[in-house]
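Coming up is one lone chain in C-alpha cells, specifically the form predicted on its own.
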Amino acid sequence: MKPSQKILVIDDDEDIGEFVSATAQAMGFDCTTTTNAKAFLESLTPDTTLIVLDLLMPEMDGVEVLRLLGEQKCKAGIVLMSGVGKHLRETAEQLGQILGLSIVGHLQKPFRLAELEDVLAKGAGPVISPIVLRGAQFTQNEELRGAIERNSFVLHYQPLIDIATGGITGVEALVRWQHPERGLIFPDNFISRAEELGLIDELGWLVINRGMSEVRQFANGDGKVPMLSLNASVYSFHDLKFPDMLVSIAEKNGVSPATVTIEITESGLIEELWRTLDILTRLRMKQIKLSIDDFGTGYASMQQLKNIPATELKIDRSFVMDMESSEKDRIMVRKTIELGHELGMSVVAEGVETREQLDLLRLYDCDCAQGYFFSRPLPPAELVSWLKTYRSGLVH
C-alpha cells in the first residue's frame, strides 16, 4: 500500500472520530481526526487521500467546508457522514460535484463496521494484504483475551425518553473496549470475535456486573432508578442458570430485577427459540423485562412473536432514519408500533435524530425514543450531568 494514502476525519463527536480512526488504522491507513473546521483546514495537506466529513457541526457545517474545499480545488476523495435525512445528504453530494469535488461515498449515522470498512477501502485504496491481516487478527485475538481477563471495558449509556411526557424511562448500556493505545474501540470491532473465540459469556457478565454497579447513580431526585437495558448474546441463553445469576447480581447491587431489561436481537431469538424459551419464561417470572432489539431486520413470524414473552419491541434505526422521506418506512414504523401494542408490548424507536422523526413517532403513538436527537451514549459521569440538566429543563 502506498504511504501517501492518508485519511483526514472531521466530526465534532469524538467517539465517532475515534471509531473511524481505529478502523482506518487497522486497515493500514494513516488517519488524523479533528473536531472543528479550523483544525481540519490546518491538518489538510496535498497528500491527503480521503476526507471523511460530518455534515452537521456546530461552528462551521459540512456544506461550508465543502465550499472551502471547492475553492482550494481539493483533489482528495470525500465521504459525507451524517445523520441528516437522505434528501439533504443527496443535495450535499450534488453540491460537492458542482464544486468540482470527488464525492466517493457516504455514511448514514449510525453505521456499522462493515459499512465503514467498505467505504474506506473503496475511497482510499486497497485493504492490507491477507498475510498482514492474519497477523493483526492473531494480535487482536490475544489482546481481546487479555482485555477480558483484565476487565478493560467501560460502559457508555444512552437515555430512553418517554415520547408523551419527555421523561427518562431508562438507559441502555453500551460496551466499549478501553484500549491502552487505540483508545475506545466500539463493539462492532470485537463482539463477533468474542463470540468466535468463545469469550462472549465472560464479556457479557463483565457488562452485566458493571451496569448493575453503575445504574443507581442515575436515579432522580426521588431516588427512582431508571430502567437498565443490557444487551445479551444469544449464547447466554444456553445456560439454564442465567436467570438466577442475573437476579443474584441485581440483588447484590441493590437493583430491583423489575428495573432490568435484557435485549436480544430478533434474529437471535428466532434462531434459538426452541432452546431459549425456558430461560425467557423464567426471566419474566423473576420480573426481568425482555426486549426484542433491531425489530424488522430478522424473520420473525406472527406465531413465533406470539410465543416470545417479550415486554418491549425496538424498531431498528434503519426504518426510523428515512421516515421523513420514505412512505414505505413510515408505513413500516406505524405498523410495527400497532403490532407491538396489540401484542401487549411497549415500543421504542432507535436512532431518532430529528424533531420531524420524533413528531411522526408521537403521531403514531410510539412509546419511547432514543437517539442523537436527545443524547449520544455517554460515560457515567457525563450522563449524570446530562440527566441533571435535562430533568431541570422538564421541571421548568
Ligand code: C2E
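From a predicted model like this one, the values you see are computed outputs, not experimental measurements. Sequential numbering from 1, following the sequence displayed.
The discussion below concerns the form predicted together with the named molecule, not included here.
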Of L88, V207, L144, L290, which residue is found within 4.5 angstroms of the named molecule in the predicted complex when only non-hydrogen atoms are counted? V207
Partner-free chain; cross-checking the named molecule in the predicted complex, the single residue of Q140, T169, S233, T281 with a heavy atom within 4.5 Å is S233
Can all three of D15, D54 and D118 be found with a heavy atom no more than 4.5 Å from the named molecule in the predicted complex? no
Determine whether any heavy atom of W386 comes within 4.5 Å of a heavy atom of the named molecule in the predicted complex, and answer yes or no. no
May I ask you to check whether G371 falls inside a 4.5 Å heavy atom distance of the named molecule in the predicted complex? yes
Is there a non-hydrogen atom of P226 within 4.5 angstroms of a non-hydrogen atom of the named molecule in the predicted complex? no
Against the named molecule in the predicted complex, would E350 count as a contact residue? Criterion: heavy atoms within 4.5 Å. yes
Of 90-98, 106-114, 240-248, 172-180, which is the one stretch near the named molecule in the predicted complex, taking non-hydrogen atoms within 4.5 angstroms as near? 172-180
Using the arrangement in the predicted complex, list in sequence order the residues of 311-325 with any heavy atom within 4.5 angstroms of the named molecule. R317
